[in-house]
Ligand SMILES: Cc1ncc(COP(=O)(O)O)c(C=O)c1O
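Let's start with one chain on its own, the form predicted on its own, as structure tokens.
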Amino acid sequence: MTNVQKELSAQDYRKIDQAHAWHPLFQHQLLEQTDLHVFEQAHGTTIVDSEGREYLDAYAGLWNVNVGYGRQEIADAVYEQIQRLPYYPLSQINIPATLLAQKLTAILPGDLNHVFFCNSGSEANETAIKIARQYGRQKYPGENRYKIIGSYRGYHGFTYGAMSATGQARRRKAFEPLVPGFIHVQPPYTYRYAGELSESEFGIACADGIARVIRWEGEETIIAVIAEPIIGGGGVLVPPDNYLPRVREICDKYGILLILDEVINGFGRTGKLFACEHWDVQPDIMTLAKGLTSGYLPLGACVTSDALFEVFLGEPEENREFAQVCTYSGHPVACAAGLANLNILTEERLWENAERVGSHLLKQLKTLQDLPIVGDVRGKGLMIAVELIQDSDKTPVDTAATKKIVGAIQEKGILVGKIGQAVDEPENIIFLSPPLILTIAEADRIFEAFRDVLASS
């Protein structure tokens, strides 16, 4: 920190921020009554504000600081690469991008062997959508395969294509009309929608809803299904075990691509390296970001199968190459951070810790379902949600009450997230996605904070 920065107080920074910075998903008029945290440093699972107060960051920045804060290996790799080659476009080869592509394809399932780098999860999904549409024209000449099916409550990003694929009305309606050709179906939200169906029956019913849409729209117009294996920002919705395999079967039946958005799910978050491995499902396209660098630098990736990639091969005059360029694609410094991050992730096998500590935490939190305010506790690994209700009819706790509970947990030194801006309903779901280095003792601290706050709510 510079001397000038040291001379400023937290309140000074708040005044500057209020005058000039525009925060996401936040009503700035509230800054008159709300003091945002001024965070200055972090280590491990802990983040420290300008007053010196420490918090256990139980949502890892924004679902993304998987290897934890303060990893010197990543800082060293970034510093060395900035000195060696700070930038060159991927029209030629830079070594970190090449090695990161090799490292990624070595740990990804199946034959996902071709990596297109970008800067974020939104851009990764935007890229996947464009690949799918160009693939449709080249694979099925004479047909008009361009439509993509997603799920309500699913989230795929803020760029126009990715937002059009997103099934969250609150994030979409201010910007409509959006990109045409996107259709949404019922999500596998067992707690809310299963009714009298068993979990298995509900999984098949949700997947078969996709098949119905394909038939109703005409299979010759559909090119892809896009899905998060576990819907994240829509409520941490863990599907029934038969859901994703059934979706894969449907895609195969109709010659449709399966795009799996593992931007949140991937890199150990759910207790596997990639969430699709829970169900042994192989996508045609996988999108990645967040845990790719653990948030140390912006980086995303869209990875495709061999069979898909081959459709883009041909003579120069055929113009079959992917028609996209990105200035910062495969940025050497970001890729150096990604390499160092993946080395930590794989050497420490952090997905195994996520499974072990996450199972312990989930089991403890499920004991809170005896409380009238706790409707459902669900998750996999260190991706967990607690859904709050008012009564036996599952009436959601209102948004203000949920915010108060989140604030009370924060007062106990635990930062947690609230699912927001998804649908025009009360925001009653609290989520946990701590760094994958979380210890059992730290998991117990999280549980104790939830127990004390919810028991008195």
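The first residue of the sequence shown is number 1, and the count goes up from there. All values derive from a computational prediction rather than experimental measurement.
Keep in mind that the form predicted together with the named molecule is missing from the display, and what follows is about it.
Engineer: Has each of Gly121, Phe158 and Val263 got a heavy atom lying within 4.5 angstroms of the named molecule in the model of the complex?
Structural biologist: Verified in the model of the complex; spot residues all in contact, yes.
Engineer: Which residue among Ser151, Asn125, Thr304, Thr293 has a heavy atom within 4.5 angstroms of the named molecule in the model of the complex?
Structural biologist: For this set of options, the contacting one is Asn125.
Engineer: Choose one stretch from 197-205, 142-150, 255-263, 372-380: the one whose residues place a heavy atom within 4.5 angstroms of the named molecule in the model of the complex.
Structural biologist: After filtering at 4.5 Å, what remains is 255-263.
Engineer: Please run the contact check for Glu387 against the named molecule in the model of the complex: heavy atoms, 4.5 angstroms, yes or no?
Structural biologist: Glu387: no, not in contact with the named molecule in the model of the complex.
Engineer: Heavy atoms within 4.5 Å of the named molecule in the model of the complex is the criterion; list the residues of 228-255 that meet it.
Structural biologist: Heavy-atom contacts to the named molecule in the model of the complex: only Glu228.
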